[in-house]
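Below you'll find only one chain, the form predicted alone, shown as structure tokens.
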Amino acid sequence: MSVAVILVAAGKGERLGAGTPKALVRVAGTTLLEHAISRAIGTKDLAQLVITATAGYLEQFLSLATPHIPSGIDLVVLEGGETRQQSIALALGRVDKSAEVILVHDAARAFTPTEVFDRVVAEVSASGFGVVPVVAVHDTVKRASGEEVLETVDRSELRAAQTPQGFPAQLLRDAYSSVTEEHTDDASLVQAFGHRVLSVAGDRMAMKVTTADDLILASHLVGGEQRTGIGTDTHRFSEEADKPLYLGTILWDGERGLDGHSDGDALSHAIVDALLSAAGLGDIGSNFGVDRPEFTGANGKVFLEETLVKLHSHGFSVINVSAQIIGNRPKVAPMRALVEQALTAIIHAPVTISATTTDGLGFLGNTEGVAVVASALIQQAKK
């Protein structure tokens, strides 16, 4: 029995708010894509894994996936479509014709145990029907219209559908070739094509990561030790009238720049110190000191990216970062959203920025410079 798995990973992850495609978000130091692959490749009789990647990220997906694929399993990575259904249709065109069973799995359900894959394959092989893993609905369910509750729905017959969903290969191809409407999952698409769908037991670990809250829950489920770190940095305003100001890797037009060995980005530097401190990897001086000429004038993004490489190599992922800018200038409010967005995209975790003054006290109160205090929460993968 030859099995192919289509891993749908082309989502942009906008509801997750991590500033990166969902499949590239890290949980316990590892991307959701890699978590999903590590569980899928254990499927019995697996011959091919076809991954749909977010547009523009094909090479990154391929580089992450390749080291996890054992010999004897064919790996295909292609750019997905605008919708989940379009992505699967494209992937079906790359599934080997010898495949007898096709499983369709969402990378957002990255922690689905391999046993669920095997249960689905076994039932497809035994029955010849489509098969979906499900779990019972334990909550009381209400049907509502706007704010008005209309009725309580009998939950005894309700099940929450999960993935992977499995099908005889030709049945799935035929169903997709005839589809004219969008469906929320492949089981409903095959049913619309006129075929029966059976169920097998799913698993609570097959939760779908959609929102930031889901990501936190996933971190608790699969992650190990959590650590916090604090970082500070202070720079004086430059006497060079034409020196630009960079804070949070972003140019602040019309503001005086800050002195420093690099670009004086006190915000990025404080975040670097917080991350390194949390991981026990020293500080910005010991890792990127003034004795390193390659960092002369470097943008804060360089330090942040190098720091993330160090953290990931030690199995750490970032849960969130918070920083406060202290000083009379620059005014933070007009730039806050832009800076938070830029830093979130670099760090792949939520970053929030606030600001305060010293009420006229000290060199900060005299508008001689800027100080930043940052805190970071990171997590190390379970060993």
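For every residue, the number given is its place in the sequence shown, counted from 1. Values in this document were obtained by computation on a predicted structure and should not be read as measured data.
Omitted from view is the form predicted in complex with a small molecule, to which the following refers.
Enquirer: Could you spot which one of Asp186, Asp106, Asp263, Asp233 gets a heavy atom to within 4.5 Å of the small molecule in the predicted complex?
Expert: After the contact test, the surviving option is Asp106.
Enquirer: Please identify, from 92-100, 149-157, 107-115, 306-314, the stretch that has a heavy atom within 4.5 Å of the small molecule in the predicted complex.
Expert: Result for this chain: 107-115.
Enquirer: Applying a 4.5 Å heavy atom distance criterion, does Ser87 contact the small molecule in the predicted complex?
Expert: Within the cut-off, so yes.
Enquirer: Please tell me whether any heavy atom belonging to Gly13 falls inside 4.5 Å of a heavy atom of the small molecule, as the geometry stands in the predicted complex.
Expert: Yes.
Enquirer: Is Thr52 a contact residue for the small molecule in the predicted complex, using a 4.5 Å heavy atom cut-off?
Expert: Heavy-atom contact with the small molecule at 4.5 Å: present for Thr52.
Enquirer: Looking in the predicted complex, any heavy atom of Gly128 within 4.5 Å of the small molecule?
Expert: No, Gly128 is distant from the partner.
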